[in-house]
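Given as structure tokens, the chain that follows is alone and in the form predicted alone.
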Amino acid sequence: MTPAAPTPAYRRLSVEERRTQLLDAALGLFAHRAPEDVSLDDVAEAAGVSRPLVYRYFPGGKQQLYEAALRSAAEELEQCFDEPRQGPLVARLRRALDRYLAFVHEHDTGFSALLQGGSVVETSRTTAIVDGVRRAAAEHILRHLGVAEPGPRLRMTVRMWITAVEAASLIWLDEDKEPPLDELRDWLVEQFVAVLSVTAGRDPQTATVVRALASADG
């Protein structure tokens, strides 16, 4: 008689592993439901644990869990623009936007709640987390442009474009994810080049950046 296969040994998760498991479960729920529509029971069920265990790791309840999940999503979004500064700028922007828009696609409802605000769990802390993503993305873009000390017009142009990317992403979700992602990405890259060119007409620093980009592409 063939002996039965041994039962896999149960492995207790470390504190960090368990916390990550709960955050992953919460992010999965927030990706497709507004934060106010997600309960701690929902998170516990999705993670396969008890509600008291969720409270053990997040004693502040749903608000603390939401903010922690938001920080986790923010860190992922910030990394989208952390592209190695090698090769043509346009190619780097395309790769960065591919990652950013993939996140938008995978976390559609949660992304809308994150950027549009109005959630019952929105606070000054959650607003600061979102603003931190925007500022980090802008800093990455400025480094891609090779500008160590950007003037107000160039910095404003980059931050305006980041806002345009957010707005376009939200409209794209509202329009049933049309046009296709690759078309949306290319259009946003073309917009960036266009707004830089407009600012270059009024700002010598931006004009220098545009000339350098044209030379590199050439």
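Bear in mind the structure is a predicted one, so any value in this text is a computation, not a measurement. Start at 1 and count along the sequence shown; that's the residue number.
Beyond what is shown, the protein has a form predicted in complex with another copy of the chain; the following relates to that form.
Remark: all three candidate residues (Trp172, Ala194 and Thr199) come within 4.5 Å of another copy of the chain in the predicted bound form, counting heavy atoms only. At the 4.5 Å threshold, heavy atoms of Thr163 reach another copy of the chain in the predicted bound form. Of the heavy atoms in Glu178, some are within 4.5 Å of another copy of the chain in the predicted bound form. Taking the partner from the other structure, another copy of the chain in the predicted bound form has no heavy atom within 4.5 Å of any heavy atom of Asp41.
Residue contact with another copy of the chain in the predicted bound form: His32 places no heavy atom within 4.5 Å of it. Shown without its partner, this chain lists Glu45, Asp186, Glu67, Asp37 as candidates; in the predicted bound form, only Asp186 has a non-hydrogen atom within 4.5 angstroms of another copy of the chain.
Comparing 46 to 54, 22 to 30, 149 to 157, 59 to 67 against another copy of the chain in the predicted bound form, the single stretch with non-hydrogen atoms within 4.5 angstroms of it is 149 to 157. Along 53 to 77, no residue reaches a heavy atom to within 4.5 Å of another copy of the chain in the predicted bound form.
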